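Have a look below at one chain only, the form predicted alone, in structure tokens format.
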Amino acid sequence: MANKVTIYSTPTCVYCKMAKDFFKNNNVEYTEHNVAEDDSAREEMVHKSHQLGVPVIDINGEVFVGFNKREIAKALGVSE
């Protein structure tokens, strides 16, 4: 079964770009929400993470704040 991955990001966020590059390099499909432009996505992100920092990454319902490559790779079942 494929992982359900959602990333809440902003266009200027360096760690968001690192996370998206990591997903691309590991052939992980993801849905991206730009919280700088999408108010409802920002509210959803705050509801999940209880904060405004990005990236917020939701992998199969498990929420990660920031880009912790080791934890995210583990959750996705891919190598770092």
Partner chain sequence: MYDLIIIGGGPAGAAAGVYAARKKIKTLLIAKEFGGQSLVSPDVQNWIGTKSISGLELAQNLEEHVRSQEGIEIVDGDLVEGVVKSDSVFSIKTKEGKSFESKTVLVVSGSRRRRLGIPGEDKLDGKGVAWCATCDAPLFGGKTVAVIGAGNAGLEAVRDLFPYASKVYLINRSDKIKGDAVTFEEIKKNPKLEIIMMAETKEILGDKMVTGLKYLDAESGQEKELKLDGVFIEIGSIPNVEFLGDLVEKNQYNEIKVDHKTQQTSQPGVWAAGDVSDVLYKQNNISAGDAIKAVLNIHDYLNGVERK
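Because the structure is predicted, anything quoted here is derived from the model rather than measured. Positions refer to the first chain, counted from 1.
There is another form of the same protein, the form predicted together with the partner chain; it is not shown, and what comes next is about it.
Contact annotation for E62: none of its heavy atoms lies within 4.5 Å of the partner chain in the model of the complex.
In the model of the complex, the partner chain sits beyond 4.5 Å of every heavy atom of V28. Proximity of R70 to the partner chain in the model of the complex: non-hydrogen atoms within 4.5 Å are present. The partner chain is not shown here, and in the model of the complex it never comes within 4.5 Å of any heavy atom of S40.
Scanning 41 to 64 for heavy atoms within 4.5 Å of the partner chain in the model of the complex gives R42, M45, V46, H50, Q51, L52, G53, V54 in sequence order.
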